[in-house]
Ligand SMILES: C[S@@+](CC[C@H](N)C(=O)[O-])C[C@H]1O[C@@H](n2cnc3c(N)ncnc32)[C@H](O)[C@@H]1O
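The chain that follows stands alone, in the form predicted on its own, written as structure tokens.
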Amino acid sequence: MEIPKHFIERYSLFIKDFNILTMPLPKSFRVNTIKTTVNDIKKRFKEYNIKITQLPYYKEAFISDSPEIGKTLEHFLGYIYSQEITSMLPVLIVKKELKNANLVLDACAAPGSKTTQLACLTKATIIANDIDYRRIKALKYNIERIGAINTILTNQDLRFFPNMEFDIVLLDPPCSSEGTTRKNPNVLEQWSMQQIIKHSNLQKQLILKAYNLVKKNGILIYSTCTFAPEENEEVVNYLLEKTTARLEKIIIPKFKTYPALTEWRDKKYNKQIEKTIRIIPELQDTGGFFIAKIKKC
């Protein structure tokens, strides 16, 4: 895979090792605590002679060099769930708030990685929504496979979602997916500024709606798997301009993050943007990601 020259020039400010974008991701998975325990999975994989390494910042999550992880009985039965490390972080960030939540929305849920993770961490009712009916099938399958019984599926364009009030909303909207090149090399073949701007315009509509669905003092998590400031800091800045939203600082113990951008090209962002985080692949051998934790005021 050849990385476009313009891509390198555009992101050289915060990416120093572009070669890592061409390297395969480590295999990672979560233990589904609805069906089993961390110790049970450790024992099972030891018997299989499959080496797994527990993540220091998330005791239910592991990485492995073995290609056999997805072929195990434990995967088939839903005892484990294959999920990228970065994808696990948005839910991990609201783990504390989930304990007292009654109603949670995963706004762009398919194929269900965050929904199934939520189901392991809360007894709250979870509404898993996605606009794409074809992807709903995968979402339904994964929810059934892990044994979640507190989840309702909906097939709506979030912009027209019924007015409700949620304790927590997760919004991981469609994006240019630049941070997924280690899994999907063809992303760079389709990469263009036109795609970035198109996604940014939609994301601004979605984040406003998602914020409106959060009850007062509730939490909105906005995340993407792209490096583009137009889809990250700019979208969150747009929300801050249009509402009384307040950002909360994100700290993930034992996990390295990169500071958000407070300005990009000719734009300067609200000082609160400093509380958002970027995840750069070279820091912890992951994909690329961006996360903002937003409180409804």
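Residue numbers run from 1 along the displayed sequence. Computed from a prediction, not measured in an experiment: that's the story for all the values here.
Separately, the form predicted in complex with this ligand exists; it is not shown, and the next lines address it.
Is every one of Cys108, Leu158 and Leu206 within 4.5 Å of this ligand in the predicted bound form, counting heavy atoms?
So, yes: the whole triplet contacts this ligand.
The unique member of Gly147, Pro185, Pro173, Gly218 whose heavy atoms fall within 4.5 Å of this ligand in the predicted bound form
Partner contact (heavy atom, 4.5 Å) among the options: Pro173.
Tell me, out of Glu84, Glu178, Glu74, Asp130, which residue has a non-hydrogen atom within 4.5 angstroms of this ligand in the predicted bound form.
That would be Asp130.
Would Lys140 count as a contact of this ligand in the predicted bound form, using a 4.5 angstroms cut-off between non-hydrogen atoms?
Lys140: no, not in contact with this ligand in the predicted bound form.
Do Ser113 and this ligand come within 4.5 Å of each other in the predicted bound form, heavy atoms counted?
Close contact exists here: in the predicted bound form, Ser113 approaches this ligand to within 4.5 Å, heavy atoms only.
Does Leu202 make contact with this ligand in the predicted bound form, using a 4.5 Å heavy atom cut-off?
The answer is yes: Leu202 has a heavy atom within 4.5 Å of this ligand.
Specify the contacting stretch among 94 to 102, 149 to 157, 210 to 218, 190 to 198, defined as having any heavy atom within 4.5 Å of this ligand in the predicted bound form.
It is 149 to 157 that comes within 4.5 Å of the partner.
Using a 4.5 Å cut-off on heavy atoms, what residues in 55 to 80 are near this ligand in the predicted bound form?
If the 4.5 Å heavy-atom criterion is applied to this ligand in the predicted bound form, 55 to 80 yields nothing.
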